[in-house]
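So this first bit is one chain, no partners, the form predicted alone, shown in structure tokens.
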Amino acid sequence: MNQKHPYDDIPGTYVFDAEQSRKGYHLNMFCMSLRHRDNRDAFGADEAAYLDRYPMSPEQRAAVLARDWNEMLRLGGNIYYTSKLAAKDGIAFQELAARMTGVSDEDYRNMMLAGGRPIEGNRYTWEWDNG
């Protein structure tokens, strides 16, 4: 197991640390630009052309165009920034979280009302039977 940080082994988690911040800077700046109506309109008119304003990696650009929310986080996106893109698409934060966890909105809501995901099996991948 090659880890650079003690938190690299937390399943499904991308900790937004300084390294992730640097990696996702342009992706996050794009997302933050969507706070302004004129930018949302320009992005909606031609998404690819609007993305040309931001020197993102090809993988980041593809994740934005595909609305691959988890991939955006893996590539340095911050959930609070990427949620601006979701809001532009009319996706509420709870709906976004449900999509990212692979459950329905109702199941996500019920899980959170019941206290969230159980800790068992969600702490570290080395705890899993098949690692």
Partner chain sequence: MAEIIAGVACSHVPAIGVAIDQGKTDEPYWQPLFQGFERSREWMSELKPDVAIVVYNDHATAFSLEMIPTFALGCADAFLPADEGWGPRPVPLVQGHPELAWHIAQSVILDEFDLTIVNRMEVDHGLTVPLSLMCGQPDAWPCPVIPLCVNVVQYPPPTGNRCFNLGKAIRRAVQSFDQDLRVVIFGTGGMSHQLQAQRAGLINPVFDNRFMDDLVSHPESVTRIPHVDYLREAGSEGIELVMWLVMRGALDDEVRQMHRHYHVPASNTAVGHLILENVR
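In this text, the rigid core denotes the largest set of C-alpha atoms whose superposition between the two forms falls within 1.5 Å. Numbering follows the first chain given and starts at 1. None of these values were measured; they are calculated from a predicted model.
Below: the form predicted in complex with its partner chain, not depicted.
Chemist: Residue-level contact is defined here as any heavy atom of the residue lying within 4.5 Å of its partner chain in the model of the complex; does Asn28 satisfy this criterion?
Modeler: Output for Asn28 is yes: heavy atoms within 4.5 Å of its partner chain.
Chemist: If we define contact as a non-hydrogen atom of the residue within 4.5 angstroms of the partner, is Tyr81 a contact of its partner chain in the model of the complex?
Modeler: Result yes; Tyr81 sits at the interface with its partner chain in the model of the complex.
Chemist: Using a 4.5 Å heavy atom cut-off, state whether Leu73 contacts its partner chain in the model of the complex.
Modeler: Output for Leu73 is yes: heavy atoms within 4.5 Å of its partner chain.
Chemist: Looking in the model of the complex, any heavy atom of Arg35 within 4.5 Å of its partner chain?
Modeler: So Arg35 counts as contacting its partner chain.
Chemist: Taking the rigid core as the frame, does Asp17 move its C-alpha by 2 Å or more between the shown form and the other one?
Modeler: Shift of 2 Å or more: no.
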